[in-house]
Structure formats: structure tokens, C-alpha cells
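As a starting point, one isolated chain is supplied in C-alpha cells, in the form predicted on its own.
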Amino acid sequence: MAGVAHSRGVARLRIGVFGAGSIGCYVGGRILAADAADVVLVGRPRLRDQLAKHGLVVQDFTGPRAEVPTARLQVATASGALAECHVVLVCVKSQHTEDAARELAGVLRPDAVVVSLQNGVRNPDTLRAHLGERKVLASIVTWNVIAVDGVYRRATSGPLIIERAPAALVEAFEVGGIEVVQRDDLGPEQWTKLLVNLNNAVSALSDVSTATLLLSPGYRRVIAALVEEGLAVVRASGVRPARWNGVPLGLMPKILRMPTAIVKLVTGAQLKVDPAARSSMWQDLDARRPTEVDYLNGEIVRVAARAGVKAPLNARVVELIRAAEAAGVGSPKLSADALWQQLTA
């Protein structure tokens, strides 16, 4: 793809972010702050207004802030702004992927590369079904982002894992300070990420931070049970998830049930967590938006039905999140004991 070969002197790479939210603004902001490529952010009017008021600042919780110069900041509310982009990063919620794919199919240049920076396991295939011959790449964002008044702070450590990508795109990520790991087959790791993300709903239902979840034996008991059930389901369907940071995923429930001092030691070696980090599902509930529970815990329920097995704990989590969405008051703030009782009664 000639347009993406800009590092060889052909053209400057132009990247679009469709559905720019916390992840999209962080990634795009990193690239813009380093002047590694041109970036256009496409999001809702509230994003346009927020960035017009506060600007765009990106930060790692272990590093300095980087402010995007106003002259480089391009924000749009319509997909037509992506027409000349060589690469488009899709960041919409999973429930909007099919609509996004249909919209992008009528806008993007034929040689555009599309990258899914989304939760769940089905989004890349949904995009491919509508985008014709355009190359669609899966990726795994292993960290989350806290957004407050135009400041997008990465709250956990980890790389961006992506299917084999054009060199110019990888270069733009890396110049922007984003560690990239490339894979030929991302399937097993996508399932691992989904299973690890089953804790997102626990964060949303409890209203406590990721760090607090890891230090609470009661909440860890819930997470361990959800992951254990999810792992049994995906194995029953013939899927063998990859290791998580080098650790067999089957050990994760066992580790979570160990004393807190041991859990703290083990997880501290695997993952750095900002004390304020919370899951994207919590952020959605807090903002009174629909969550992605159907594509996380609900995916386990769907796969279980297809494989002829049961997933009662994850099914109950879906029910609790949907009830919280319907209530429209944010997190139900369940204690660890109350949540366990809700799941096992």
C-alpha cells in the first residue's frame, strides 16, 4: 500500500480514529504529540467541544505529560473526514461495529488499512464482512485509559498487540511511545484478553478501582469464579487461549484465591496499575451509557450455549449489568459479599 510507505519518502502517513473515546484519543494523542503522523479524530460533538475547551494531553501514570499542539489537532464528527486516511483505527463500542463497518465501507479509500482497537473477539470479522478487499487487522489493547477534562492517562501497563501491520504504522506507534508486539495469529490471545476482561463487570458492579479489586479477597473470589467458568466454556468449544503475560491462564483463578500478599507479589510483577484505574464498563455505567457486557461476559454465555454447556455465573453478571443500565444511576456499589450472593443464590 503506497500511502502507508511514508517512511521510505513516499507520503506522510495519515491516520483516522473512528469512535474516538478514551483509547482512541490516547493512541491518537501519543502519535500527534510525537508528530509521528497526521491524525484526525472522529467522535461525538461532546468530544469536539471538550477538546476545543481543554486541548488534548496524554500521559502515562509513570511518565510526563505530553500536550498535542493545537495546530496538529484535527477533530471531526462525520466519517467523511476519514476519506483520505491511509489507516483507520476503529474504536467504537462492540455493539456499534456493524453500523460503523457499513458507514466506513462508503467512505474509505480502497487501499485503507483498518485496525480494530476494541474489546471482544468478533469485531475484526464483522469489519471484514463489510469492508471488501480492505485489509482489516485485529489488535489487543492491554491497558485502559482514564479521561478527565482532555487529559488521557494510561492507567495500566502493557503493549499494543497487533496482527502483522505495515511498517509505517508500527513506526508511528513506536515513535509515539506505544510498545508494539506483532503476531501472525491473534486468536488465542484475543480469547485470553476476553477472559481477563471478565473482571470489568466486577469493577462496574462494585464501584471500586482495579487496584482495590486485586487487594480484596472477596472480589478476587468473584473474579476467579468468573474466569474459571469462562475458561471451561471456551475450552469446551475447542479454543485454547494463550498465556497471560507468560502465565498459563488456568493458573489465574488459583493465584487469585491465594493470600493477598502473594497475589500482590505475583500481579505486581505482571501488571502495573494506576491506583485510580477502573474498567471501561464502570466508565460506561457511570456515564449512563450502554456497556459492552454482551461482548464480554455475554460472549461466554453465547459460546456456552453453542457448546452445549452452562455458564450461570457469567449469565447472572449479564443480568446484573443490564439491570444497572436500566436503573440509570451508575454502579449499584455491591460489596464483595453481596455480589457473591447475587451470583450464587
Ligand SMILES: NC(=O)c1ccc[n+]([C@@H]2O[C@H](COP(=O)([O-])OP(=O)(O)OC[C@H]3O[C@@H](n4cnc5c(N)ncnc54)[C@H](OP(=O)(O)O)[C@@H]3O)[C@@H](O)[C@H]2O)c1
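Given the structure is predicted, the values throughout are model-derived calculations rather than measurements. Note that residue numbering begins at 1 and tracks the sequence as displayed.
Below, we refer to the form predicted in complex with the ligand, which is not included among the displayed structures.
J.: Ala224, Leu256 and Trp340: each with a heavy atom within 4.5 Å of the ligand in the model of the complex?
T.: Not a single residue of the candidate spot has a heavy atom within 4.5 Å of the ligand in the model of the complex.
J.: Pick from Ala311, Ala33, Val303, Val42: which residue has any heavy atom within 4.5 angstroms of the ligand in the model of the complex?
T.: So the residue touching the ligand in the model of the complex, by this definition, is Val42.
J.: Would you mind picking the one in Val121, Ile161, Val273, Val92 that has a heavy atom within 4.5 Å of the ligand in the model of the complex?
T.: Of Val121, Ile161, Val273, Val92, the residue with a heavy atom within 4.5 Å of the ligand in the model of the complex is Val92.
J.: Wondering, does Val145 line up within 4.5 Å of the ligand in the model of the complex on heavy atoms?
T.: Looking in the model of the complex, residue contacts with the ligand include Val145, since a heavy atom lies within 4.5 Å.
J.: Check whether Ser280 has any heavy atom within 4.5 Å of a heavy atom of the ligand in the model of the complex, and answer yes or no.
T.: Because a heavy atom of Ser280 falls inside 4.5 Å of the ligand in the model of the complex, the answer is yes.
J.: Whether Ala20 contacts the ligand in the model of the complex should be assessed with a 4.5 Å heavy atom distance threshold; does it?
T.: Yes, contact at 4.5 Å.
J.: Tell me, yes or no, whether Arg109 is in contact with the ligand in the model of the complex, where a contact means a heavy atom of each within 4.5 Å.
T.: The answer is no: Arg109 has no heavy atom within 4.5 Å of the ligand.
J.: Going by heavy atoms within 4.5 Å, which of 210 to 218, 84 to 92, 246 to 254, 173 to 181 lines up against the ligand in the model of the complex?
T.: Residues of 84 to 92 come within 4.5 Å of the partner.
J.: Let me know which residues along 315 to 338 have a heavy atom within 4.5 Å of the ligand in the model of the complex, or say none if there are none.
T.: Stretch hits: zero.
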